[in-house]
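In the block that follows, a single chain appears as structure tokens, in the form predicted on its own.
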Amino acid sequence: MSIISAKKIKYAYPRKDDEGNETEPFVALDGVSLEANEGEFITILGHNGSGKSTFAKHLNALLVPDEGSVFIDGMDTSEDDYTLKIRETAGMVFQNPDNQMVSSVVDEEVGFGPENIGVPTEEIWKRVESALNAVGMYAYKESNPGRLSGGQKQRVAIASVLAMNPKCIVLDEPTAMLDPGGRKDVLDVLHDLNKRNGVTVILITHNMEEVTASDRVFVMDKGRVVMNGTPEEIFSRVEEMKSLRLDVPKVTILAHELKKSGLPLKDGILTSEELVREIMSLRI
């Protein structure tokens, strides 16, 4: 069953010249369609300016389309009566966790959302404990978020969304400001939540290494979805990805070059272990 259904959505940002006069709007989305089923882990790729962040904001009604429609768990984002429920259903995590922090203690930060939607106090603290345990941050419940590392802050931000009991989490470049260790920690949390809790994950990124374990990948360019498929299908199209100014995992490029040189390797190899197995299986 689809938890997200976006159909032919268009969105343009108004623009003004130096004198304050309105000029031609900037078209950020130009007919984007995307379906996501419950429990899927979906990645949306694209270079800066491709429209992926604008699309992300449509998934919890921060923006509504100029044309087309977006339904979240059957609710139309253009209907004001659904806005609060949509934001409970599809939680949003941004690139910079500091922009989402409102409290000086971790457990209060995580409990802020449920409190604001009227969840009873006893239930709030149950949710806080569960959410912090889910992201491995319960030991820091009395800490000041401002003194945490970038990866820890991002895990607290994810916990704050989890405490709202969402069916879906939308993350806009959540690891862009993290070091490799912090990036791995956040991705491990997301995949664990997806597999163990069945939370639908929509990950917006431009980091190729974050894509390989996704169920499906959508590639955006100039406000449109230009490619979609499994990671293997997407990364087997090496030349097309390069034409879109997107990187491909280094091991995939190596396998691609080896295949061009004559080795009968399969397309879309994503890991070094997979490449080694393929080479070892060849009878040369």
Partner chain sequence: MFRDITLGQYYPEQSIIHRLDPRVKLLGTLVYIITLFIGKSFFVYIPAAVFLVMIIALSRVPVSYVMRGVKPIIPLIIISAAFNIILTPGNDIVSFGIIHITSEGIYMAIFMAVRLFFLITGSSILTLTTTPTALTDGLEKGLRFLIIFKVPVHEIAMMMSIALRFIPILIEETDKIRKAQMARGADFESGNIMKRAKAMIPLLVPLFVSAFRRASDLAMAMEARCYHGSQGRTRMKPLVYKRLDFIAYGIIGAYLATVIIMRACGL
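Positions refer to the first chain, counted from 1. Just so it is clear, the structure is predicted and the values come from calculations on it, not from any experiment.
Omitted here: the form predicted in complex with the partner chain. The next part is about that form.
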| note | For the partner chain in the predicted bound form, the stretch among 182-190, 195-203, 96-104, 73-81 with residues bearing a heavy atom within 4.5 Å is 96-104
| With a 4.5 Å heavy atom cut-off, would you call R224 a contact of the partner chain in the predicted bound form? | no
| message | Within 4.5 Å, heavy atoms only: does E210 come near the partner chain in the predicted bound form? | response | no
| said: Given that the partner chain is not shown alongside this chain, does L178 nevertheless sit within 4.5 Å of it in the predicted bound form, heavy atom to heavy atom? | reply: no
| Though only this chain appears here, would V128 touch the partner chain in the predicted bound form if you measure heavy atom gaps against 4.5 Å? | yes
| Which one, V27, L254, L244, L62, lies within 4.5 Å of the partner chain in the predicted bound form by heavy atoms? | L62
| request: Taking 4.5 Å between heavy atoms as the contact cutoff, choose which of L148, A134, I124, I169 touches the partner chain in the predicted bound form. | output: I124
| message | Suppose contact means any heavy atom within 4.5 Å; which members of 127-165 contact the partner chain in the predicted bound form? | response | V128, E142, S160, M164
